[in-house]
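Okay, so here's just one chain, in structure tokens, the form predicted alone.
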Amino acid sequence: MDTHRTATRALATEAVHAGRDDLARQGLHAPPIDLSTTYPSYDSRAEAARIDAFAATGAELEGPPVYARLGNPTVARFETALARLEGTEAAVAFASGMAALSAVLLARASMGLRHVVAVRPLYGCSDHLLTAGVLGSEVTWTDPAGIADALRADTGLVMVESPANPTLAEVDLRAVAHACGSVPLLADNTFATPVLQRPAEQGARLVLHSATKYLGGHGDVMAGVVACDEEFAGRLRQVRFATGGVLHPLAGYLLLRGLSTLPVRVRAASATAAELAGRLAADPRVAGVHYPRIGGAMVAFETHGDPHAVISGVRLITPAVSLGSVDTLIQHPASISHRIVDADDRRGAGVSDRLLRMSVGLEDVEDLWADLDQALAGAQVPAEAASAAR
């Protein structure tokens, strides 16, 4: 991957131009979409040598493509761009965020390193994947201060998410990376995006994104990506080739297009989210508000009234899972995104039954507040009912 321009270009510039540096020389303005699944080749001896090289290191194939499971030019543009934004040597894209995390676990397990140290909360399905051990992994849950003591000889990975889903809890990535020693730190950067933080600069060796969220940004593409060094990228490409969790070229095109507006979208939505977080914190109907120190477009809050009534009461805001779209979404984590996590573990990680998670979009702040205000009003327990319940 060509990441050498990262030091000389601002992030907003990279977001627009990374992955597109060759277009003008080809007489193109918009990136092409290559939908081929296979490619012609009349030199089978040369192809054999290239496939042998891929099998040995997982390095990107030199020369023309061979087969879509080995790589796709459109997807490669997105990978190049994301690596430049995260400041890493490479990035490897997958069909979903969970496919990306699964590939990381499989790559480490193939080296005999099946043990994972993880800090809660994580996205519910990430938590489940580790806890259930369906890929043969074994997990030790700890807090950031306990990471060093939790490491074992077979520990292949330390995983954190900051800000975390759904409580928006933050960890000191630099301190955690130091505690990991030689064990790679995987930081899920889905909520922050490289606009707000670049974990690789703080010592994380692997940066995970559910690209379905902010990187795509419009709720119409599902994808995952891992930004890392070239050596580990090679292992991930080998896992992707073997398991088939490839990203469709159209999704790669949409993601590359999404990156071009990522800084503008994240900063605009973050400004609105910060304003809404302040209003919610001052509202007596709200028991508590969680908003990250680094900012962002996610807000979590706990209600005094019925959180389910808030969900059913919104009219402009969409009650739906996922996040990072141009429109505002709200959901009840204990019922949906984190339902798969054991209830005691869920509550122990701060995911209370009254917690709501809101992904703030690009609507006007006053319209969003008006919708929240009326939804919160409808969720209040009448005074006489509250007295009768005592």
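If you're wondering where the values come from, they're calculated on a predicted model, not measured in any experiment. Start at 1 and count along the sequence shown; that's the residue number.
One more form of this protein should be noted, the form predicted in complex with a small molecule, which is absent from this view; the next part is about it.
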{"query": "All of 281, 301 and 371 with a heavy atom within 4.5 Å of the small molecule in the model of the complex", "finding": "no"}
{"query": "In the model of the complex, segment of 240-248, 158-166, 194-202, 109-117 with a heavy atom within 4.5 Å of the small molecule", "finding": "158-166"}
{"query": "Listed residue that, although the small molecule is not shown, lies within 4.5 Å of it in the model of the complex (heavy atoms), from 188, 127, 86, 79", "finding": "188"}
{"query": "Contact residue in the model of the complex, from 206, 269, 223, 236 (heavy atom within 4.5 Å of the small molecule)", "finding": "223"}
{"query": "Residue contact check: residue 210 to the small molecule in the model of the complex, 4.5 Å heavy atom", "finding": "yes"}
{"query": "Touches the small molecule in the model of the complex: residue 97 (any heavy atom, 4.5 Å)", "finding": "yes"}
{"query": "Non-hydrogen atom contact residue 123 with the small molecule in the model of the complex at 4.5 angstroms", "finding": "yes"}
{"query": "Contact of residue 323 with the small molecule in the model of the complex (heavy atom, 4.5 Å)", "finding": "yes"}
